[in-house]
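Okay, so here's just one chain, in structure tokens, the form predicted on its own.
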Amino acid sequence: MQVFLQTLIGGLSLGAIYALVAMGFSLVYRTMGLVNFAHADVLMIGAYAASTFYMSTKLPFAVAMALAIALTGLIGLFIERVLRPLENKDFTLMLIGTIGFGMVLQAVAVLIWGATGHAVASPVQAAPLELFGLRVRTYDLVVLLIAAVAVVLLVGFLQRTKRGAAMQAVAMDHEAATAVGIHVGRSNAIAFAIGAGLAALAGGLVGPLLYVNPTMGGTIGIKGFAAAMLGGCGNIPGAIVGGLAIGVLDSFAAGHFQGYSELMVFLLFTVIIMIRPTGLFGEMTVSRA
């Protein structure tokens, strides 16, 4: 039972990171109907930026994370601004454009930080906590807490602010939103910026858990995308549940199947998607027809 609970907590910690990535995917998808394939590489840039600010310039971890989020938010705004002329004109080119931006970000990362990658020291030096006979890494609890705060802030923004309400309106019907004076382009830009910020938050948090390198975005991004699909593309609560589910499955599969853990996770994911093609909570996106 102790091994089960420790594996569960570790899986929830990793799942919280996948949930942040999935929320970024879902936020852009529900607003624009676009899968941002550069999202995973924005996460990688966020991880590098956070680790550089934290380890090289010796800034506090929280400050380093804030700077990384701001940097990637600007990257998100830039990507949206470049793609904006193609909106409602050539959807395929927009998708190709996001893939191109991802390749550029990988190349930039190699030029700046090199291709070898590096480890990141944990910002929490406290010893593991003893809870009911369990030894729980303090950093796992920190990740869960920060992810929970990010979820609350995002939901509060979408439901309690005028800008968030405008984004919700664009997600439901962009033509009707335009008719009542909502600036659709601005809402799309905010969605890209917030999505990029969530990716940077996930990248910064996963840095002390994994090895920061130019290809890390692919590994985490594909699971974050799977989490978004599992919960229902464009569905924010679904992205959270999907991320936690993928994280827990990944953790238990690693313990039982070791080298075949990812195969087992995606086999189970495929079965669920075959049964529920729109995800567990159903797909939510704006219609661009």
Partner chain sequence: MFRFPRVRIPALAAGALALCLTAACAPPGESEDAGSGGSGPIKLALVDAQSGQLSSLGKWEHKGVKLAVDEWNAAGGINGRKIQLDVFDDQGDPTVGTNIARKIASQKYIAMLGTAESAVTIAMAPILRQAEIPNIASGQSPGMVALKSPFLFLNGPTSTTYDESLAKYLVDDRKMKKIALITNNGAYGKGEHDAFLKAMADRGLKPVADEVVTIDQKDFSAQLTKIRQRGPEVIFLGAEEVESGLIVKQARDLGIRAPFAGAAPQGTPVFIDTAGAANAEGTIVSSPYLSNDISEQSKKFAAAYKAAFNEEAEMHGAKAYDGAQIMLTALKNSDVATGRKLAEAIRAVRYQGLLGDFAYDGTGVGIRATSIGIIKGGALTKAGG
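Positions refer to the first chain, counted from 1. Keep in mind the model is a prediction, meaning the values are calculated, not measured. By rigid core we mean the largest C-alpha set that fits within 1.5 Å across both forms.
If you look for the form predicted in complex with the partner chain, you will not find it shown, but the lines that follow are about it.
A.B. asks: Just one of 196 to 204, 96 to 104, 119 to 127, 152 to 160 has residues with a heavy atom within 4.5 Å of the partner chain in the predicted complex, so point it out.
C.D. replies: Only one stretch passes the 4.5 Å heavy-atom test: 119 to 127.
A.B. asks: A254 near the partner chain in the predicted complex, any heavy atom under 4.5 Å?
C.D. replies: Heavy-atom contact with the partner chain at 4.5 Å: present for A254.
A.B. asks: Quick one: is G279 in contact with the partner chain in the predicted complex, heavy atoms, 4.5 Å cut-off?
C.D. replies: Although the partner chain is absent here, G279 would stay clear of it in the predicted complex, with no heavy atoms inside 4.5 Å.
A.B. asks: Can you tell me whether Q258 touches the partner chain? I mean in the predicted complex, with a 4.5 angstroms heavy atom cut-off.
C.D. replies: Yes, contact at 4.5 Å.
A.B. asks: Is R137 close enough to touch the partner chain in the predicted complex, meaning at least one heavy atom pair within 4.5 Å?
C.D. replies: Yes - in the predicted complex, heavy atoms of R137 and the partner chain come within 4.5 Å of each other.
A.B. asks: Can you work out which of M172, A165, L209, L77 has a heavy atom no more than 4.5 Å from the partner chain in the predicted complex?
C.D. replies: Comparing distances to the partner chain in the predicted complex, the residue within 4.5 Å is L209.
A.B. asks: Scan 6 to 34 and note down the residues that get a heavy atom within 4.5 Å of the partner chain in the predicted complex; none is a fine answer too.
C.D. replies: Those in contact are Q6, T7, G10, G11, L14.
A.B. asks: After fitting the rigid core, is the C-alpha of H256 off by 2 Å or more between this form and the one not shown?
C.D. replies: Moves: yes, 2 Å or greater.
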